[in-house]
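Only one chain comes next, encoded as structure tokens, the form predicted on its own.
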């Protein structure tokens, strides 16, 4: 994780947010108490530095909080011990070499807050306190690394379980007809959310075990239909996708204004999009053409002044077989 990301002054733009890795995301999600060492060895300010040397050697640690009557008053580290050894001063009390008023983090802080301190202060360890300032643990960069690796492993295992369960969704269900229906309302002129329905359907297909090629074909077809609802309708419309073991059926409909000439609308480059929409980069007249390329069956019905209905089907191969043209463009 880069120091730049952890800079408190850095502005996380939408573009940067798109590229944030799962590790960086976890650093914001995981709390310090989840990765800290809670069994903490502590020292007293009047302990001799000789005691610190023996404690560090036996426990194989490189630092310890210093407590007096239960209150955190300092931190003694291996660096402090080295300074003491150079002076041959092992009889000195801990309070002469400790760092008083140490920087602390709270157990409920996100791990990224601890990382910011590590980066800015160059410390090797930080005491962890509760909301009342009482010591509850200690954290090192190694603790954070191990915590993030455990979280990534849990992520991976959870995703594998989700994928397995989803891909076997239909196998244990006995019925004459089994299907999963996804339904989305699309608003006219809502370019900000354009493509969300198609992305959700594509993601669902991948989790259900569909091949990437099938998911891409369906995603493109639904995206083009979704944008047509946003661009050409008066009130938007509805996208309904029914996923069955043998096919994907997509039904897209609206209530106006309809298409005057369906045959003409199917011609490449024909569009009734406004100039404003064209300036935005939409309405090139290739939507229906692209849909036809991506699906196995398509039927477009429209009545001017009433509305339009577009039905599509993509046929799925039996389990454990490849789709026709898996490595080529859909036709």
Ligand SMILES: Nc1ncnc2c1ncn2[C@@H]1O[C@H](COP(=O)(O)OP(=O)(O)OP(=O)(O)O)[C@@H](O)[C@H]1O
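Given the structure is predicted, the values throughout are model-derived calculations rather than measurements. Positions refer to the first chain, counted from 1.
FYI, the form predicted in complex with this ligand isn't displayed, but the following is about it.
Only one of 64-72, 32-40, 262-270, 45-53 gets a heavy atom within 4.5 Å of this ligand in the predicted complex; which is it?
The contacting stretch here is 262-270.
Is it the case that residue 294, even though its partner is missing from this view, gets within 4.5 Å of this ligand in the predicted complex, heavy atoms only?
Contact with this ligand, no.
Evaluate residue 217 for contact with this ligand in the predicted complex, applying a 4.5 angstroms cut-off between non-hydrogen atoms, and reply yes or no.
Outside the cut-off, so no.
Is there a non-hydrogen atom of residue 125 within 4.5 angstroms of a non-hydrogen atom of this ligand in the predicted complex?
Answer no; every heavy atom of residue 125 is more than 4.5 Å from this ligand in the predicted complex.
Report yes if any heavy atom of residue 254 sits within 4.5 Å of a heavy atom of this ligand in the predicted complex; otherwise report no.
Contact with this ligand, yes.
This ligand in the predicted complex: within 4.5 Å of a heavy atom of each of 213, 222 and 315?
Looking in the predicted complex, the three residues 213, 222 and 315 all stay beyond 4.5 Å of this ligand (heavy atoms).
Tell me, out of 228, 140, 198, 77, which residue has a non-hydrogen atom within 4.5 angstroms of this ligand in the predicted complex.
None of the other options qualify; the answer is 228.
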